[in-house]
Every structure is written in structure tokens, then in C-alpha cells.
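One chain comes next, on its own, written as C-alpha cells: the form predicted alone.
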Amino acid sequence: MARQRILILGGTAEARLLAERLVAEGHLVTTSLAGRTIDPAMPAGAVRIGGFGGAEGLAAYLRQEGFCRLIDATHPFAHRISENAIKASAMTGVILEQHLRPRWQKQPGDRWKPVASLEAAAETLPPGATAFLALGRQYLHAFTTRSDCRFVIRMVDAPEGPLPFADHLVVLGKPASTANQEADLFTAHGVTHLVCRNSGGPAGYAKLIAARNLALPVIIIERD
């Protein structure tokens, strides 16, 4: 295959593996990262950090840099950038490929309560719950009104200021690699409910195994 100039919309483990493979094949690869974390894992090839300014901005960047392929390997819940990629591809004629992780499937022993939104997840929590929020810092707002619950919030980077929760604890770091580590974390903080999105992929699945082993209810936000 002839050398191609490829833009990957990344930020996922799958995007990093894809960039590594395409660079090894000799292609000119640039990965775009949203810039939400302070120290992101860097993929092979060139890296661009920050937004484009909507579909029009992405289309302008594709034309300016002469890309011939656009690969959307973003998080399954990154709806806006995926929509912009579709529009930018139509505007420019640049070929778009979408790499979407399969969603997690409920297994025997799982106590899942599927919901359609963050707001529905917040409403589903019973009074007095200690909920572990594995959502990302930009998805916390819906839970701030639940002053009758306690929240254990996992974040990759420390918050810039106080969080608007009546009762909460911040746990810094990425998801643990094993279910036993996640179970120890849940037990240590008295977690009664897990709240997460159905993101799919292996990186965050240990928390669901831990919840299964501990018989914890999981409020899981499903994809559209």
C-alpha cells in the first residue's frame, strides 16, 4: 500500500495500537487528542492536542494538512467529535473509517440497571447510597443534587477546585488492572453502588467483575 497521510481521532488504547501499526507500515500518522488529561499516553507518530472548532474546523484541518484518511477511534460516548467527523468527511471527500468497541454484555451474577442518561443514573440511586462514579470529570454534574448520597469519584487528574458535592471523596488514578484491586477499593470505601457507562473494551472491565463478585448493583449508562 502506498504511503498515506492519516488523521486518527484518538484518546483510546485502540487508537494508540492503531497508530503504532500504521506508523510501522510507513504511513504518516497524526493522532488528535482532546487534551482533557494532563499527561496522556502518547501514541506513535505526530500528535495534535485540542479541539478543531466544530466540523468546519476539522474539515479545514484535513484540507490544510492533506490527509487522505480520517479514522475515528474515539471513546464510544464521544458523540460530538464523531458527528463532526462524519460532517467533515462529507465536506472534504476524505475517507472516514469508524472503529467502535463492542459494548459490554451482561453476565450471570451481574446486577445491572441499564439507564439512558446521566440524569436517569442519578435518579436511580437510592437514598443513603455510597456510589462509586467511574465516569470522568466532565460527567459529574447530574449527581451534584443528590445530597442524600455519598460519592467516591475516580479521576485521572486532581480537580482544579472543590467539587460541588455535599459528601464525596476523590480517588486519583486510572482503573485498576485486576478485579481484586477494584474490589479492595470498593470495600475500603464502603461502596454500595457502581455507576459507569457501557464503554466496552478491556481497560475498564475489571470494575464490573469486582461488582459482580461483591454482588454490587451497577447503574450502567447505555449507548444511544
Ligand code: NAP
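A quick note: this is a predicted structure, and the numbers were derived from the prediction, not measured. Note that residue numbering follows the sequence shown and begins at 1.
Another form exists, predicted in complex with this ligand; not displayed. Remarks below refer to it.
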| query | Can you check whether C149 is within 4.5 Å of this ligand in the model of the complex, heavy atom basis? | reply | no
| message | Test of understanding: in the model of the complex, would H99 fall inside 4.5 Å of this ligand by heavy atoms? | response | no
| message | Taking any heavy atom pair closer than or equal to 4.5 Å as contact, tell me whether A34 reaches this ligand in the model of the complex. | response | yes
| said: Taking any heavy atom pair closer than or equal to 4.5 Å as contact, tell me whether A210 reaches this ligand in the model of the complex. | reply: no
| message | Going by heavy atom distances of 4.5 angstroms or less, which of H27, R197, R69, H168 would be at the interface with this ligand in the model of the complex? | response | R197
| field | The single option of P175, P159, G53, G45 touching this ligand in the model of the complex, heavy atom within 4.5 Å | value | G53
| task | Using a 4.5 Å heavy atom cut-off, indicate which stretch of 125 to 133, 141 to 149, 103 to 111, 78 to 86 touches this ligand in the model of the complex. | result | 78 to 86
